[in-house]
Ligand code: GTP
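First, one chain by itself: the form predicted on its own, in structure tokens.
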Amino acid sequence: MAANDVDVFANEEKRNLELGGHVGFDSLPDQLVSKSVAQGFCFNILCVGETGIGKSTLMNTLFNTTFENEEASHYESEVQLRPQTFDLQESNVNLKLTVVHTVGFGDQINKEDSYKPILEYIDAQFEKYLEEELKIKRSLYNYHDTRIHICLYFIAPTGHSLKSLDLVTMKKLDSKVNIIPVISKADTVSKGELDKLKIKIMSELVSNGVQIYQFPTEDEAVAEINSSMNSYLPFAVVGSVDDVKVGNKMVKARLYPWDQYRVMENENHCDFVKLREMLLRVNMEDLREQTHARHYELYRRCKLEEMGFKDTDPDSQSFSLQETYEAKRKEFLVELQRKEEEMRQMFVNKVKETEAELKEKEKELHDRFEQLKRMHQEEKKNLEEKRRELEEEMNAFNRRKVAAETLMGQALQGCSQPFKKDKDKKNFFSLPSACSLTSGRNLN
């Protein structure tokens, strides 16, 4: 078929034809419903809030069941995300529910990076879905979609405004997930204070540019109820897993020592019923659709643009996946070669610097060795001189010693001769003194 023929068919006006009888394609919605029911649905909730604020209790109350959840401490060193998946069934509809708790959120002294693990978790789920989409052999039909559909952000009713941590976290998450702020444990403040707190919270969200989820009003069937419920944001809720008998029936409520009941089913006490209606009965499918069509599409577009893919080039030519891949591959190889050359040059420079340092060290060691060698020679020369001096002193001492011994022998020999000739007793007693005098003179 020629191109001009295609243009003719494209420009031809469509005709409306009347059917002569029942054909049967009006059952297509029923077929779609049957197929969806058989396949089942998934819904993922992210609960963000401080430890002990009532996240688990509200989830149990919201789905009228008891989810097994490990109690978290207040001493976590960092924020951790703990996902739990449950299979629920109501009538003939199966729901795979995933509840993700932020363990340790707000418990650290430095809360500057508390939002980062949450942001990384949401992006990781988007990345898993994108990887499945880009596979050659995909299985999206039975793929377990873990993308977060709704973020319930729990606000503590302990102040008159939002904390800095709340504003920063919601601002970082509003482009990634649908956010519905809720005031937890709303029974701890009076009705008047609660109304003022709601107005203050919404004013701060608007002034800081935080985009929260607004219930859609495009569909006429739910436009009226959604429009009225938008005015109740943020919802003030109270959770309870205790059954209390009120009148003739058992309801979820909290019993206080002063015998006052805060009944979950009573809309005058809290907004729990409004939250459950808007979240599950009216807008669950819209939350799933918004997650896929808005948040995931934004992530997907940015990710593909980072990878170098685009719909059209500057010349408005058709998009070619193969050409884009080849261009990106060439660009990657050029960049890789450039980095290899930089690393090689860096290695060469490092080797040269190391060789220069080694030569400098070698020169220093050589100079030190020469200096020590000269010092050793000088010390050796000094020692040799001292040794010669000591030898000369020893020789002189030995000569004096020999001379003294010789004189002593001569003196003793001279004294022994008169002693033998003179037998007189008087000379005998006077001889030693004379000999000693003689000996003293000879020694001197």
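As the structure is a computational prediction, the values presented were derived from the model and not from experiment. For every residue, the number given is its place in the sequence shown, counted from 1.
A second form of this protein, the form predicted in complex with this ligand, is not displayed here; the remarks below concern that form.
Asker: Using a 4.5 Å heavy atom cut-off, indicate which stretch of 381-389, 32-40, 398-406, 53-61 touches this ligand in the model of the complex.
Answerer: Stretch 53-61 is the one.
Asker: May I ask you to check whether K128 falls inside a 4.5 Å heavy atom distance of this ligand in the model of the complex?
Answerer: No, no contact at 4.5 Å.
Asker: Using 4.5 Å between non-hydrogen atoms, is H149 touching this ligand in the model of the complex?
Answerer: H149: no contact with this ligand in the model of the complex.
Asker: Taking this ligand as it sits in the model of the complex, is T188 near enough to touch it, meaning that at least one heavy atom pair lies within 4.5 angstroms?
Answerer: Within the cut-off, so yes.
Asker: Does this ligand come within 4.5 Å of any heavy atom of G239 in the model of the complex?
Answerer: Yes, G239 lies within 4.5 Å of this ligand in the model of the complex.
Asker: Since exactly one of A72, L304, L119, V168 fits, which has a heavy atom within 4.5 Å of this ligand in the model of the complex?
Answerer: None of the other options qualify; the answer is A72.
Asker: Among the candidate residues R276, K172, R254, H269, which is the single one with a non-hydrogen atom no more than 4.5 Å from this ligand in the model of the complex?
Answerer: It is R254 that has a heavy atom within 4.5 Å of the partner.
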